[in-house]
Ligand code: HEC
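Below you will find one chain, with nothing else, as structure tokens; this is the form predicted alone, and questions on how it binds or moves follow later.
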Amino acid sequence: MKKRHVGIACVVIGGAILSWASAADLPGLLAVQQLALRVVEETRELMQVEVRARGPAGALQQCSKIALGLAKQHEEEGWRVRRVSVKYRNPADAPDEYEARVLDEFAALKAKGELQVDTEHADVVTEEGRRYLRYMKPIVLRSPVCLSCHGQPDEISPEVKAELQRLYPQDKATGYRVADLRGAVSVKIPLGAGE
């Protein structure tokens, strides 16, 4: 098991949170872990259902709506939940500086063969005078179904290409293979003064 520290960050490899601060020292960590896992699992499951029912081109609109719906459930709590990627489909999914740095760390782990199913990253950070828990969980393409819309450009059907062009004219989210790092679920929650 490998351990890396980033500030008071946690990088989890092989199922254990390894950091200067314990999980108990990161308020809200369990809740954001569960939420991120739910976003990944529900998106994957619902997309497989949509692809079977409507085909890949018909399922494209649902992918965005599924993640957006899960995110909206937590906006009232002041949480920000989204999927991010350096090869984003929707410009709203472009990573901020923090997310880009963590995505680079995930990519480095992937390149070394050390990115695991249970890898995650969490920090308590101060931004604009306020403390937040920032959490990211990598999204790895696990199913060939994903390649219907995210695969190599010459392997994507003309119908899907046309729908991608219509919905996302600046799309960068193709060229993937199964087991590639697609991006991450990013969660940001405000912490109280004592947390």
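In this text, residue numbers run from 1 along the sequence as written. Here the structure is a predicted model, which means the values were calculated and not measured.
Separately, the form predicted in complex with ligand HEC exists; it is not shown, and the next lines address it.
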Partner contact for H150 in the predicted complex: ligand HEC, 4.5 angstroms, heavy atom: yes
Exercise: S85 in contact with ligand HEC in the predicted complex, heavy atom 4.5 Å: yes
4.5 Å heavy atom contact, I139 to ligand HEC in the predicted complex: yes
Exercise: R134 in contact with ligand HEC in the predicted complex, heavy atom 4.5 Å: no
Ligand HEC in the predicted complex reached by all of R89, V145 and A173, non-hydrogen atom within 4.5 Å: yes
Residues of 47 to 62 having any heavy atom within 4.5 Å of ligand HEC in the predicted complex, listed in sequence order: M47, V51, P56, A59, L60
